[in-house]
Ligand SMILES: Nc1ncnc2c1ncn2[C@@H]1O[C@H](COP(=O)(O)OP(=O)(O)OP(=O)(O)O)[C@@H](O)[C@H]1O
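The data below hold one chain only, encoded as structure tokens and taken in the form predicted alone.
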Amino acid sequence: MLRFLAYLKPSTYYFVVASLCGVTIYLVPNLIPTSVGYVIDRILGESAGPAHAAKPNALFDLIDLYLNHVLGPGASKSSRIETLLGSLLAFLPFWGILVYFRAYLAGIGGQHVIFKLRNDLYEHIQSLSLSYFQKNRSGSIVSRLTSDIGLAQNFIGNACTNLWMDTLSILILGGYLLTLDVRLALVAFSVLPLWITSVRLFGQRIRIASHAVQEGLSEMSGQVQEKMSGVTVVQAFAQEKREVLTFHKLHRSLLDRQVTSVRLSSFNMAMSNLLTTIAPVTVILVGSLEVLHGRLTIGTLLMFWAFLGTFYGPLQRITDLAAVISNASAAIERIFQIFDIRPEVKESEHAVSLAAKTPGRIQFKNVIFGYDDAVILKDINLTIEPGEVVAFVGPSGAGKSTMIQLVPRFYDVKVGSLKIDGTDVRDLRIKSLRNAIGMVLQDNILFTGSIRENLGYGKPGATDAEIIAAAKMGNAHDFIMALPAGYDTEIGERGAKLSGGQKQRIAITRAFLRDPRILILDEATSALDSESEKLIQSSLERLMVGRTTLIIAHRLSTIRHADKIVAMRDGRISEIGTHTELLARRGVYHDLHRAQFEH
């Protein structure tokens, strides 16, 4: 919570002024019971006997000074009543102005805080390593930016300023009640220990329950987003009913958690209302006896009773705020859990930039790598010369993709080193390293927007001429121009409006536009029809010219002309050579080749 409150510091001005306006808002209406008490005791009660004489009251004395200044000492009772209550009516419109400024300033300050918090959270999420996103559902991550931030916003909007101004109002009114009548004030204060105990008891339980609710929302969001993105598979296997039942189960679990949270909040509210309802009755009981014994005036009793509403009102609001704060605390805890996750891949303080026209020599030296406790790559030694085309083959789980992902530094090697043009990748600026690498994958991700926006994603600011030239090299220009809006055609989420071959050509064009020195092709031509494969293969051949190229391919026919073929098994390099050399060795590559072509 202290870390969260630090975000309020730049907006302190808004919250301080809003809180002062709030205190004034709650204190100004107290002029009404004060004026009524004055009228009863000092004007209407002037002829009462000595036993009912009004007790000294500082506010009454101030009103006397005001009326004497305006009307003079000998004014009639009617003139004094008209002047006092007329002045009060004339002043109350300014109270409405304060209400506006209090709500406006608190809202503006809260929006600034949430803007900064959400930006920082999103920036931090973007800085996290690839491993984090592979371990956590995207829907769960998104829930931190939406529902959790929303609860934090409730804390600012409803709790932050209200908490200060209600607390200050209670202190001021409590002090004033003591000046009116000490005995009645002590009776009114007698509920405070029970109230504090109730808030502390239920507040902690509400926070725990709210944390469970947020976890349930996160889990459900992850499930829904995953199934919505894979709705084709769900419908293809006719599993709609199963998904509905799964969602119902998750939602039922969430409902149970929410019911627990609501029950605790209701108990908390009921206890507060009970205490603040019993206390005024007790005050009237004691006060009536004081009036009967001549120790208290009727005006003072009525004024005291009217003040109790203003005194207990903030207590009830703070009780409600306790639930809001507890809910917000759970959300803020989840937000800062994300902030506390450190990226596994960090940029060195003394990192240097990779030259824009770097040759692209890649060297793996005694590399060992694994996820958590599982070792995936074992003692990898490999040198790839600038401009070479190197293909990686092997059975599933051999470590091909893992090895390729080390090059753009999605992961860091555990033991050994990976160097590009003689510099360890851990000593390079991550942005400059990845700017030098282009990737074309089997399932390339396209974003909602136009074709032009997707093509320029890797090179912001690219001119139309550059985009068109790259599209022609990627065999994409013709099909783009055949679309209704050409390069401005909207392609839908993940490129849903394009065919698989068209999406691949967009990805290749994106790589052409980036003009990388190192090219990574991961199953770039698999799962395509023959015609699309030919177009894409010709595009890739043009793209590979003059670049260091790393290829992962299960179709061995596409890599026969590679300069080197690296055959892997069980996380190790089994053999290296050309297509002809490896067939002659009758090793791993020969077995893979025979399995594909023995028919």
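Residue positions are given as counts along the sequence shown, with the first one as 1. All figures in this text were calculated on a predicted structure; none of them were measured in a lab.
Form predicted in complex with this ligand: not shown, discussed below.
- Contact here is defined as any heavy atom lying within 4.5 Å of this ligand in the predicted bound form, and by that definition not a single one of 29, 33 and 288 is a contact residue.
- The shortest heavy atom separation between residue 207 and this ligand in the predicted bound form exceeds 4.5 Å.
- Interface residue remark: residue 371 is counted as part of the site for this ligand in the predicted bound form, having a heavy atom within 4.5 Å.
- Taking the partner from elsewhere, residue 144 is found to have every heavy atom lying beyond 4.5 Å of this ligand in the predicted bound form.
- Among residues of the shown chain, residue 399 is one whose heavy atoms approach this ligand to within 4.5 Å in the predicted bound form.
- Exactly one of the stretches 268-276, 469-477, 303-311, 400-408 approaches this ligand in the predicted bound form with heavy atoms within 4.5 Å, and it is 400-408.
- Distance criterion of 4.5 Å from any heavy atom to this ligand in the predicted bound form singles out 554 from the list 554, 547, 42, 564.
- Put simply, of 345, 338, 376, 413 only one has a heavy atom within 4.5 Å of this ligand in the predicted bound form, and it is 376.
- Although this ligand is not shown here, in the predicted bound form the stretch 171-209 places no heavy atom of any residue within 4.5 Å of it.
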